[in-house]
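Only one chain is included here, represented as structure tokens and corresponding to the form predicted alone.
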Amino acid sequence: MRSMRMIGLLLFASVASVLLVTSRPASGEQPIAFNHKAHVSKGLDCAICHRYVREQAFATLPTIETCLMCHSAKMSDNPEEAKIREFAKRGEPLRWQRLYALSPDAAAYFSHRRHVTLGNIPCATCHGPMAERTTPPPRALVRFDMDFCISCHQEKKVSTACVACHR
């Protein structure tokens, strides 16, 4: 029994050292210097651009079609807005640089649906003050590691069992 407990502690320590979500610096700039603050202040919900954030594990990044829902015609003199129509005219997709991604080493499962819809956790809890950003951040605003996730699970009084996230 004692050796099993020791194995469990060693396993926990080794898993705890693995970064759950990597904070990758962008390998260049974002295709559009998106102003979250301007859009949020007009009442746009995150799910309008990040479709499926409430229904699926992965919250998508906005497509050119998503942007064109509002910006197919000129709304302002902002050159970033004009870029959207230029991308569309060339038939090019927006190639956003992902800032958050699960580390393959973590072997962890994360579901936006589980956290956003079922857990009612605000986006800012994990993504930081993105709604206040007037330009895209060069890297993730919040760095996740196992301690970050365990602390949140304990605070919310939800399972901290390994199998809850590691499958």
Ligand code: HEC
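One-based numbering along the sequence shown. We call the rigid core the largest set of C-alpha positions that still match within 1.5 Å between the two forms. Keep in mind that this is a model prediction, so the values were computed, not measured.
Keep in mind that the form predicted in complex with the ligand is not shown, yet the notes after this line are about it.
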Considering non-hydrogen atoms and a 4.5 Å limit, does the ligand approach residue 92 in the model of the complex? no
Is the gap between residue 55 and the ligand in the model of the complex 4.5 Å or less for some heavy atom pair? no
Contact of residue 84 with the ligand in the model of the complex (heavy atom, 4.5 Å): yes
Report whether the minimum heavy atom distance between residue 75 and the ligand in the model of the complex is within 4.5 Å. yes
Looking at the ligand in the model of the complex, which residues in 36-60 have at least one heavy atom within 4.5 Å of it? 36, 38, 39, 40, 42, 44, 45, 46, 48, 49, 50, 53, 58, 59, 60
Residue 156: CA shift of at least 2 Å between the shown form and the other one after core fit? yes
